[in-house]
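Below, in structure tokens: the form predicted alone, a single chain.
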Amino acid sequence: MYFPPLLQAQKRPVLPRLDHSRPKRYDTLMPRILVIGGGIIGVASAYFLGKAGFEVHLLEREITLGALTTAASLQAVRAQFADPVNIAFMKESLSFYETFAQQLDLPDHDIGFHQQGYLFVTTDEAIAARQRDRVAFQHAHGLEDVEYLEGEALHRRFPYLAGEALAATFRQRDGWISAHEALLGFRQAARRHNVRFHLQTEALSLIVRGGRVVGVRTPAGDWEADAVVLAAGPFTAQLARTADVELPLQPVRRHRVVIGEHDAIPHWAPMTIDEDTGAHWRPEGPGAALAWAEPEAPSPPQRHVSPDPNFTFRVMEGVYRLCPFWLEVAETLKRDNVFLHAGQYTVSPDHNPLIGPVPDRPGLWVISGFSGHGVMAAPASARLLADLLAGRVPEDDNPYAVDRPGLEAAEGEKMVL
């Protein structure tokens, strides 16, 4: 996929040194916030912070916004989760995406929201039983439109599935968006709140004075602020270490394959996940996008992630198990109709994000660790961050606090792709 440039590099203003001798309340006039990272999480955060009345400057190393993990994502969104907090959080985000143009007052801005649904399919009776229980749990926690399907009803609804498919869960309002268009919309709306975007501006390290983070160091000079928000995806933990902060975040490589136009692909289909293995695919225009979160060791953060050339064969074999039409696609596929990409998830121990202030390091905030759910969580996450900074949500009510109980014990979301 091609993601065109969103902004051209603009001249950076000179920011004066601030007086940090006394703690500054965030309800005073126009505190200055630096957001580090120009993916969809950073840009959405800049929008909500600007809307909340902060003076916001976003620093991005690349020549365009959304050039790394956002561009490599599958751009899918869903509310089908197993953690009640995530169910509520993703419902909020999906509702925002459903009314995106109205929310941001951008008439006719189309984010390409394809609500063709998410279908989790199994051939295993034990997993089918868990699916029934999970649907009942989701209904009890406000996600009442998830369906449990089995047998003839399942195959009549989704006839492309293999005969071995035993049961599935389905929610029609899940689907996928254009992450590029969503990011562009957030950027346009943010500029109405005087948010400034500074491209080709790399944050080399955090500036600490008197135990407090007071800014960032760039190749062209220092930037100071009342608070620094790390929204740098795979580079978040690396930047935090420059302030002697260890965040439990690890980058992990993930692949995406895009198949060009092919008549055998049912273009009306939902995102289809083999819940037994994790292999999944969804329509992408006249073709499809495929992914599979295979076990892989963490790797250093990278701007350009080299894909495994054999991944295409493995993922097509993986999705073929429950969707036999992929054999016909594979047998007739031409090399110039296959596009392989790789990026990095930023993974936390419990697969939930870290959002909020960093303990024992005043002035430093983080919004990262989405474990592959950044695009779908962006609106609700950015709203929460702004509410925390503005004091509208007490830190004790923050389910994604950096020091939350159970984080290191990996208690949390289990429905991770």
Ligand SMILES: Cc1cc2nc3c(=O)[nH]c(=O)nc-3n(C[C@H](O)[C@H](O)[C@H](O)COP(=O)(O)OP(=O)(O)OC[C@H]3O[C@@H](n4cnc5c(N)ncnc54)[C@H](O)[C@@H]3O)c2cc1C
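Source: prediction; values computed, not measured. Numbering starts at 1 and follows the sequence shown.
The same protein also has a form predicted together with this ligand, omitted here; what follows describes it.
For the options Ser73, Thr169, Gln138, Thr122, the one in contact with this ligand in the predicted bound form, meaning a heavy atom within 4.5 Å, is Ser73. Taking a 4.5 Å heavy atom cutoff to this ligand in the predicted bound form, the contact residue among Gly356, Gly374, Pro31, Gly363 is Gly374.
Each of Ile40, Ala232 and Phe235 places at least one heavy atom within 4.5 Å of this ligand in the predicted bound form. Note that among 49-57, 388-396, 348-356, 375-383, the stretch whose heavy atoms approach this ligand to within 4.5 Å in the predicted bound form is 375-383. Contact annotation: Ala203 falls within 4.5 Å of this ligand in the predicted bound form, judged by heavy atom distances. This ligand is not shown here, but in the predicted bound form it comes within 4.5 Å of a heavy atom of Leu239. Of the heavy atoms in Pro283, none are within 4.5 Å of this ligand in the predicted bound form. Mapping the unseen interface onto this chain, Arg187 falls outside it, with no heavy atom inside 4.5 Å of this ligand in the predicted bound form. Residues Gly343, Gln344, Tyr345 of 331-345 are found to place at least one heavy atom within 4.5 Å of this ligand in the predicted bound form.
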